[in-house]
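What follows is one chain in structure tokens, specifically the form predicted on its own.
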Amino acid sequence: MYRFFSPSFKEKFFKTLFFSIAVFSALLLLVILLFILKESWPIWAEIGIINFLCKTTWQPTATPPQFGILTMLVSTLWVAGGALLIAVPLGFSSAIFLAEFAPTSLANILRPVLNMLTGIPSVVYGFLGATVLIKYLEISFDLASGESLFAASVVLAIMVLPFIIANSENALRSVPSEYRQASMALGISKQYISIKVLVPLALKGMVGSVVLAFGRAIGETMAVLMLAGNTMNLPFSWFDKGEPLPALIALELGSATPGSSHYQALFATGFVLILIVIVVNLGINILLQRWQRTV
């Protein structure tokens, strides 16, 4: 009976459990990808990858129907990239403040607040953006409509900010205290220690928080649907209107007949969306590994 509660048995049990969970998660992702690929395969075979990704015409009701997602793809990158452009500097700065400079009493208040922000439904963020931010842009800049990719990016930045702050702070706090003590013994200022010592050591975890935020931003639907303008014009500016890929899927999937080319094209759009997140994750991990080898 004792051997079932021995440290070696517990270690093997939890190692097997966590390994099984990891394998199950990987298989689940693979099954999802294969299912979406199966549903969208007729479009890839008929239209081709280049035509589907590089054409700007999306007319599912035309004869013959035309499917090109370049317009929506560019809108997606404007929105997600713009959100990270706003959120990353604010998130990293806030994480450094909470981890190294904030009084304990203040940090104990801010952390639960940040955790609560992650649980607010996206439709609430979208509603607030539509009633406050868009109205502000219309009045301040004398616009006929404040809907734009910029407005969607601002709201998305607010949505992903808690993820960046929480994960970056955890990465900074996980740096062994010996580095702080050794640096302080040399008489280095706390600001210098934070920027030049702790941030490079915690960089992998901080960049991981950005990847997580990017996945949330690029796949967000409701807030983008309510703020981006939903026009199928190729956006050349951050302040143009557009229709990101998640908004396209949400708007048209309900009207697409199962098995039709329109239905298959929407699945192909979802497959592209997943691939973007996977490629960004893999690319950043490879760059981090190469950077760590050179340091």
Partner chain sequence: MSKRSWVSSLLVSIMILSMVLIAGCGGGVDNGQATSSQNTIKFGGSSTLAPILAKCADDFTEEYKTWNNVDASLPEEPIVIFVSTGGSGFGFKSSLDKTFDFGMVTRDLSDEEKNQLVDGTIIQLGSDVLDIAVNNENPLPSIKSDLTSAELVAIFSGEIKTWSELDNALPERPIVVAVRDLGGGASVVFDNAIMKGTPISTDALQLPSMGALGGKIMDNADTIGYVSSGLVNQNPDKLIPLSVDGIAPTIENINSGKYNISRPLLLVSKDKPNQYQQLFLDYLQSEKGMKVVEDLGYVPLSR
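The shown structure was predicted, so the numbers you read here are calculated from the model rather than taken from an experiment. Numbering follows the first chain given and starts at 1.
What comes next is about the form predicted together with its partner chain, which does not appear here.
Put simply, of S140, S177, S145, S105 only one has a heavy atom within 4.5 Å of its partner chain in the predicted complex, and it is S145. Comment: its partner chain is not present in this chain, but in the predicted complex one of I134, I218, L161, A202 has a heavy atom within 4.5 Å of it, namely I134. Among heavy atoms of Q66, none comes within 4.5 Å of its partner chain in the predicted complex. Residue contact with its partner chain in the predicted complex: T257 places a heavy atom within 4.5 Å of it.
Its partner chain is not drawn, but in the predicted complex it has a heavy atom within 4.5 Å of L17.
Mapping the unseen interface onto this chain, F24 falls outside it, with no heavy atom inside 4.5 Å of its partner chain in the predicted complex. Stretch 221 to 229 is the contacting one of 165 to 173, 95 to 103, 221 to 229, 149 to 157, since its residues have non-hydrogen atoms within 4.5 Å of its partner chain in the predicted complex.
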